[in-house]
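Same chain, two forms, each on its own as structure tokens: structure 1, then structure 2.
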Structure 1
Amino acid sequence: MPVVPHAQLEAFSQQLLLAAGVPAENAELTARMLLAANLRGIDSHGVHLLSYYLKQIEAGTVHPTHEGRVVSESGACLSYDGENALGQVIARNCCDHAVRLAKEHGLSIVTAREANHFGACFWWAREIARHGMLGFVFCNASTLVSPWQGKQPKYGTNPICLAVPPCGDDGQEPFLLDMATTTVAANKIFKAFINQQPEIPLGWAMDKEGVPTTDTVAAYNGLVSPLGGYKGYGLAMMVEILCSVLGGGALPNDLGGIRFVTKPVRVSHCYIAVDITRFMPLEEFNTRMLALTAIMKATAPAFGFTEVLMAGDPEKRLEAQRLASGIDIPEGNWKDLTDGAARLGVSVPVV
């Protein structure tokens, strides 16, 4: 498996986006945020996504130079039309609006429709949190999950994300939750299938009749389970309401997906920012967060574990490792990227 140093892979990614017609500032942002996911071990949302983005741009379903536009702004509420720009560009612009409005009103909500895949949520929530705010990010996603008691995919992994400051360059990140509302990412089931593991844990998936299964093949041909059953379905609908319903965007049955290059993705996003200083000085809030963290971490470990963590801790640890060791890119993904480079006339780094 090729191992590419972080800086080199980021520069290569940026060159690919530039060659596809993405303006320099946006190419730099998109490359940086995709790499940040790889650094944190969230490879499902890392640089391999670029292969899909490039194909979408080449097919004309993602517009490399669009920025989106404000549809309406009223009080602390803003509605944005992404106009099929790169998801990262829409997200950056919406985070900026969310922070601006929360500075004015104490909190804000921004919805974006006609948007695209914006990489991993955590990056955007953290962009809001850098301003001393609670940063919430939600988005709907291509249909993959069945409503509870059903057996047809009708909605997506619909993630929930919260970042808590300080999220500066000093590496402090007291809490960074970024979770799909399915029990596990669909990728984990695909991985078990590819690696011919016969069994997966109960609760991960259902067979095609909607019956919970531990058989990997049945799961692969079946459905991803909503987190804990009806509760995960409820949370996913909460996300759907905040994104597509409130944002005036495409409902789940009208969504495309990053793997279908001929159809626009049309997902919706939602951003909520809460200015903590309206409640107490940031220092006091930070002290309280540390106290909560200390209470949780002082818990005696369960059998088989050595410690209790807070959301984001495992990813923070990986980040330090991967910055030093470089990033593993599976052969197939590397080939997709280098194929893109050949099409666009970009030189490939030697690995």
Structure 2
Amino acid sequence: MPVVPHAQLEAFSQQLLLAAGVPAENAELTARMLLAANLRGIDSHGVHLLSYYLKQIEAGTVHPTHEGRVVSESGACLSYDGENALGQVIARNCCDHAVRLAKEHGLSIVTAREANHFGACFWWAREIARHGMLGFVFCNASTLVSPWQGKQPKYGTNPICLAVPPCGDDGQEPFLLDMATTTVAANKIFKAFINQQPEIPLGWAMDKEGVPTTDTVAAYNGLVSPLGGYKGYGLAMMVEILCSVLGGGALPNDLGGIRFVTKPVRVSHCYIAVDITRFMPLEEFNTRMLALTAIMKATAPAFGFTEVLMAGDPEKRLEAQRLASGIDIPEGNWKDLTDGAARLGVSVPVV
């Protein structure tokens, strides 16, 4: 398994995007945010996604130079048409609009349609939160999950994300929740399949008949398990309403997916920004947030555990380790990236 230094892997990813026709600023953004996911241990949303993005650009199902456009703006509400641009480009533009409108109105909601996969949600919620705001980010996704009590894929992993502003001694946010409304992100199953991992943990997925399975191939061709059964189904529908229904985008049955190059992905996003200073001084909020964190972490750990953590803590610790030691890239994912480099005439770093 290659271990690649962070800076080297980011530069390689950027070169791949540039060779595919992505403008320099957008190539840098996309590479940087994918690597940020790897650094935090969210490998399912890291550089391995790049091989999918490149194939979509080559097939013409993602446009490498589009930026999207504002469809309408009314008060604190904005509707955006991604025009099939890279998901990261759409997300950056929508975050900028969300922050701008929240500064003016106290809060804002921005929806985007005709969009693409934008990587891990945490990056975009954090971009909003760094302006002294609460950042909420949601998106719908290609159909991999069955409604509760069904056995046909009708909706996606539909993640939910909330970030608070950075504060405290480490200069990072004390709470950063980024979770799929399924037991795991679908990309964890795809990653296991690409790397020929024979089994996955029980509870991750079901086969085509809706029966829980640990067989990776059956899971890849089957269904992702909803989080908490009917509760995950309900949360996923909430995300679907905020994204595709409210945003005027494609409903689940009309979506493509990052694994496919025959049709556009067409997902929808939703970004909500809340200006904390409309409620209290930011310093007061930060103090209260750190107090809440301290209360939770003071909990006596259960049997088998040594401490209680907050959302985002494990990722912050792993980020420090990987910045120092490099990023492990499984053989199957590395082959996909080097195959893309060969097609595009990009030199592969020596590892």
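Definition used throughout: the rigid core is the maximal C-alpha set that superposes within 1.5 Å between two forms. The shown structure was predicted, so the numbers you read here are calculated from the model rather than taken from an experiment. Structure 1 provides the reference sequence; residues are numbered from 1 along it.
Structure 2, rather than structure 1, originates from the form predicted on its own. Shown in the overlay between structures 1 and 2, fitted on the rigid core, is a CA shift at residue 73 smaller than 2 Å. In a rigid-core overlay of the protein, residue 235 has its C-alpha displaced by under 2 Å between structures 1 and 2.
Relative to the superposed core, residue 83 undergoes a C-alpha shift smaller than 2 Å between structures 1 and 2.
Lined up on the core, residue 215 has its CA atom moved by 7.7 Å between structures 1 and 2. Core-superposed comparison between structures 1 and 2: residue 185 shows a Cα shift of 2.9 Å.
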